[in-house]
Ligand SMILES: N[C@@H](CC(=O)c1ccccc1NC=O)C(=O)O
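Okay, here we've got a single chain as structure tokens, the form predicted on its own, with questions on binding and movement later.
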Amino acid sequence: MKTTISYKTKEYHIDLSKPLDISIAVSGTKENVNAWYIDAPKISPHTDGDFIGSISAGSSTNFYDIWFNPHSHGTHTECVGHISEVHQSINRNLHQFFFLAEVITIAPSEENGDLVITKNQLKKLLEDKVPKALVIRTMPNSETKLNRQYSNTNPPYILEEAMDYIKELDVEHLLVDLPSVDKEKDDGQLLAHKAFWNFSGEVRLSATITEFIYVKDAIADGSYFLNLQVAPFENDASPSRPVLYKIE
């Protein structure tokens, strides 16, 4: 299933039958990826009196309840509502779902005991590219990212200056394989989030941040088309499934 996409002044060819899924699923186990000091997600049969919503327990159907937090338990996409007192919904703010994207790989630098992504690293890797969506894979890139327990580990993050640069490039959709673009414990400053959404100026309402992705090593750096789909929750963030398509 192949298609041709006309974008700006160029034509691109992709094969829709060869998706590259970069999402992390949610499972009801303690091995599920986790951050922000809360319990693992739960997926279990609904119970009501003698009723148990499981075929193995005698029900005619499987009827399961799910408890999770999108920010803690898997790939999710968030809008400015994540840091705004005024309610903003990702379901209402994200209107387009297909973008030209650039995948880059960065080994965070050590600064003051932290691992950080810097402006100079981004400039070197992006050169003259100005993608609508930017996908950042950090090194090392083992499959432990699929079930890592991030709370109290001070994961890598993006410096404010680097995020200002991403905003200046007019990157509208940023995807990272980290639990947050900001430092885990930053006294609520949220410098990178605020820089990306231009929080102190004309807020970029349609811009999104997707966290907790996993980009396999087999996916080379370079240009792709991105299909960014989110579950239609009226919330600041929602579980999402970003899928890349190689440009032929």
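Start at 1 and count along the sequence shown; that's the residue number. Since we're looking at a predicted model, the values are computed, not measured.
A second form of this protein, the form predicted in complex with the ligand, is not displayed here; the remarks below concern that form.
Novice: Here blocked means 3 or more ligand atoms within 2.4 Å of a backbone or C-beta atom once the ligand is superposed in from its placement in the predicted bound form. Does this form come out open or blocked?
Specialist: Judged by the transferred pose of the ligand in the predicted bound form, this form is open (no ligand atom within 2.4 Å of backbone or C-beta).
Novice: Exactly one stretch in 174-182, 148-156, 90-98, 106-114 has heavy atoms within 4.5 Å of the ligand in the predicted bound form; which is it?
Specialist: Of the options given, it is 174-182.
Novice: Does Asp50 make contact with the ligand in the predicted bound form, using a 4.5 Å heavy atom cut-off?
Specialist: The answer is no: Asp50 has no heavy atom within 4.5 Å of the ligand.
Novice: Given that the ligand is not shown alongside this chain, does Gly201 nevertheless sit within 4.5 Å of it in the predicted bound form, heavy atom to heavy atom?
Specialist: Flag for Gly201 set to no.
Novice: With a cut-off of 4.5 Å between heavy atoms, is His71 one of the residues that contacts the ligand in the predicted bound form?
Specialist: His71: contacts the ligand in the predicted bound form.
Novice: Do Asp65 and the ligand share at least one heavy atom pair within 4.5 Å in the predicted bound form?
Specialist: Answer no; every heavy atom of Asp65 is more than 4.5 Å from the ligand in the predicted bound form.
Novice: Under a 4.5 angstroms heavy atom criterion, identify the one residue in Ile219, Ala207, Ala40, Leu190 near the ligand in the predicted bound form.
Specialist: Of Ile219, Ala207, Ala40, Leu190, the residue with a heavy atom within 4.5 Å of the ligand in the predicted bound form is Leu190.
Novice: Suppose contact means a heavy atom within 4.5 Å; in the predicted bound form, does that hold for all of Glu102, Tyr165 and Lys167 with the ligand?
Specialist: Not a single listed residue reaches the ligand in the predicted bound form, so no.
Novice: Scan 23-40 and note down the residues that get a heavy atom within 4.5 Å of the ligand in the predicted bound form; none is a fine answer too.
Specialist: Contacts from 23-40: just Trp36.
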